[in-house]
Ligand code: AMP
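Just one chain is shown here, as structure tokens, and it is the form predicted on its own.
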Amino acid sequence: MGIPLASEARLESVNGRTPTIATLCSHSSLQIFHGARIEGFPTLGICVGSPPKFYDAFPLARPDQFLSVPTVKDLPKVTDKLREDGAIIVPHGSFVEYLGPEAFATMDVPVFGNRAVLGWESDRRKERDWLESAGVTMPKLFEDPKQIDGPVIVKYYGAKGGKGFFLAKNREALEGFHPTGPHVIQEYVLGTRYYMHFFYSPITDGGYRLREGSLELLGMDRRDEANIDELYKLGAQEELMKAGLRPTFVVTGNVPVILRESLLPRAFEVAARIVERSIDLFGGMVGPFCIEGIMTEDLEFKVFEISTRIVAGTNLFISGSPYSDLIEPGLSTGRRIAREIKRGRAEGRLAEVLS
């Protein structure tokens, strides 16, 4: 069983009061604050230094109050203030990258979802063990560079937005590679990339049922990446490498897409297996997550990664997506998070959606 998650002691600061939805002022904070406001929650933006001015341009998504810290690493030092405000933290990619799963896991303040899942996301080998044990098809992993038999992509751990990733056409192209941190060398799969935004609720009875709770598809995107998306215009990769130009995969934006409808059952089956396995491994992955994969020309879906919280691609759909509109018009992932907290409070089941 994957529930409950949160202890009674951790829930004390939000029991009997309207909680405040809090998150770091970056990544997907605009839609988190906007969704919380629609659902009637006060909001708190945690910022490094002075409150960011750009929020003034988006009054419907501006947090009601700000809490400033010197650095993101100082966030655990203000947990007393967060508990005093009745805060529930909604994690996103900036928590993974700038605070780290260990520090985040020990913060004594309620968090939406199961905070233990971020440790599985930030360690690519643990992530792979989880996905493969769920029966998900993944690109081949090369433990020994001598085994490389084709194109590969090198990926570093954590939510780095593609920074530091690079392609190698073959084994010879990796000669002289000196890693700067924990990484994996993965088969480069040719096909179409899809980033599918799912939401798992342990307390919802309707929809696409799992053994506990239900699964929803809220959107889908692809990513604009610099400089790989434009580099091809200058010529073949080999010639560019000779000129000192290396393809990079830094995400700069997102593009909405939809999947061929006949492939949707396969997408839900993959997501369901991942969620079911998460319940067995670490108590369940609650709330939003993104399955990132490649659809090959043979219509085989290979999952190369999972993001276990709200992803920036959902920012495309603050007013709803072609998928979420078929659940409820105008439903964003940010609002869906707030809706889950609201339902948990109303039904006395907050412990099942917080940790």
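For every residue, the number given is its place in the sequence shown, counted from 1. Please read all numbers here as calculations on a predicted model, not as lab measurements.
Keep in mind that the form predicted together with the ligand is missing from the display, and what follows is about it.
The candidate site formed by His197, Val311 and Tyr323 is entirely out of contact with the ligand in the predicted bound form, as no residue has a non-hydrogen atom within 4.5 angstroms of it. Out of the listed residues Arg193, Arg266, Arg273, Lys169, Arg193 is the one that sits within 4.5 Å of the ligand in the predicted bound form by at least one heavy atom. Note on contacts: among Asp85, Glu225, Asp221, Glu216, the single residue with a heavy atom within 4.5 Å of the ligand in the predicted bound form is Glu225. By the criterion of a heavy atom within 4.5 Å, Glu187 is counted among the residues contacting the ligand in the predicted bound form. Proximity of Glu39 to the ligand in the predicted bound form: non-hydrogen atoms within 4.5 Å are absent; the residue sits far from the partner.
Although the partner is absent here, Arg124 sits close enough that one of its heavy atoms falls within 4.5 Å of the ligand in the predicted bound form. Shown alone here, Phe304 lies within 4.5 Å of the ligand in the predicted bound form, counting heavy atoms only.
Of the candidate stretches 40-48, 287-295, 27-35, 313-321, only 287-295 has residues with heavy atoms within 4.5 Å of the ligand in the predicted bound form. Although the ligand is not shown here, in the predicted bound form the stretch 140-157 places heavy atoms of Ile153, Lys155 within 4.5 Å of it, in sequence order.
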